[in-house]
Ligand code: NAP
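Quick setup: one chain, the form predicted on its own, written in structure tokens, and binding and motion questions come after.
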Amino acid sequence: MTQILDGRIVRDKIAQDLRSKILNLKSRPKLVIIQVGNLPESNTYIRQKVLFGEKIGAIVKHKRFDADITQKILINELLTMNNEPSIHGIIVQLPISKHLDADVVIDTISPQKDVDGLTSTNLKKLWENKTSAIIPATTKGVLTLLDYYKIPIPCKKVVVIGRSSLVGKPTALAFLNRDATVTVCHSETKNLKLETKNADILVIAVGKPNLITKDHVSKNQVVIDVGINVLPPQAKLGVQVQPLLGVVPLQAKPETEPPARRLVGDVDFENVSKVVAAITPVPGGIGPMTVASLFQNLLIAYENQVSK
């Protein structure tokens, strides 16, 4: 029988652990979420973070700027936050306005407060397998979920579909650091089915509904569906459909479906789940893990800053 890897169960256990630790701290960890514009989907994802933060006793401040904010003003705001001792974590909710350079904006965040693990400093540490690296929240969530369900990683063949800087590449690196043999597939990969069928662990992070069907998988595999696609309620899953939003920012998954829409992953869950050994659902799989991992990173950042 296929095992469903329920991220909500693990998230709740992490929440209990974080709450008990925060209650014993001399002050409360503080996270600031920067939002540019007012996208409804971003509001949904931010709300999930705020709720989780309140649940565990952290302070979460949501700071929204107009969509037409200049890069200079936004960077100055971030620099001010970097220098504020009461702020222990900073994230920029993606996407941001196109006139802004997201890489420059994110790299303005102090690496010590980069709880999303997306600054070049933390990504370099991940590349070098340094223990001081703050691992990107989604990547960390994937590994934590596998560990919770006692799914071994060393010596396993891992196939990651997707090469984004947000998820695909850091996740491949993290598996490599855990002694897996890693293959990264993408839009130019020839014979994708051959690659995916040979995987022990298959991770999909593309943003395309039904990309992975039962023809792509085999028995005894573990399938981790990181994709998040928001579809109209009437869309049928049995055919290829175009998501309304394309690829949703992967460091900020929702845990519930937006009203009048529904969430699906990159995997044909109904049919693939009949073949493989274990699989994550969407929603309820990696989404909740990403939120929990973000606050695990916040606690690490707090301890590193306060202990100095």
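Because the structure is a prediction, the values reported are computed rather than measured. One-based numbering along the sequence shown.
The same protein also exists as the form predicted together with the named molecule; that form is not shown, yet it is the one meant from here on.
Peer 1: In terms of non-hydrogen atoms within 4.5 angstroms, which of the given stretches 83-91, 148-156, 162-170, 100-108 touches the named molecule in the predicted bound form?
Peer 2: It is the stretch 162-170.
Peer 1: For this chain shown on its own, do Leu23, Ser27 and Gln112 all sit within 4.5 Å of the named molecule in the predicted bound form, going by heavy atoms?
Peer 2: Result no, not one residue of the spot touches the named molecule.
Peer 1: Answer with yes or no whether Lys208 is in contact with the named molecule in the predicted bound form, where contact means some heavy atom within 4.5 Å.
Peer 2: Flag for Lys208 set to yes.
Peer 1: Given that the named molecule is not shown alongside this chain, does Asn229 nevertheless sit within 4.5 Å of it in the predicted bound form, heavy atom to heavy atom?
Peer 2: Asn229 belongs to the contact set for the named molecule.
Peer 1: Could you confirm whether His186 comes within 4.5 Å of the named molecule in the predicted bound form, counting heavy atoms only?
Peer 2: It does: once the named molecule is placed as it appears in the predicted bound form, His186 has a heavy atom within 4.5 Å of it.
Peer 1: Does Thr138 reach the named molecule in the predicted bound form, with heavy atoms at most 4.5 Å apart?
Peer 2: It does: once the named molecule is placed as it appears in the predicted bound form, Thr138 has a heavy atom within 4.5 Å of it.
Peer 1: Though the partner is not shown here, which residues of 282-296 have a heavy atom within 4.5 Å of the named molecule in the predicted bound form?
Peer 2: Heavy-atom contacts within 4.5 Å come from Ile286, Gly287, Thr290.
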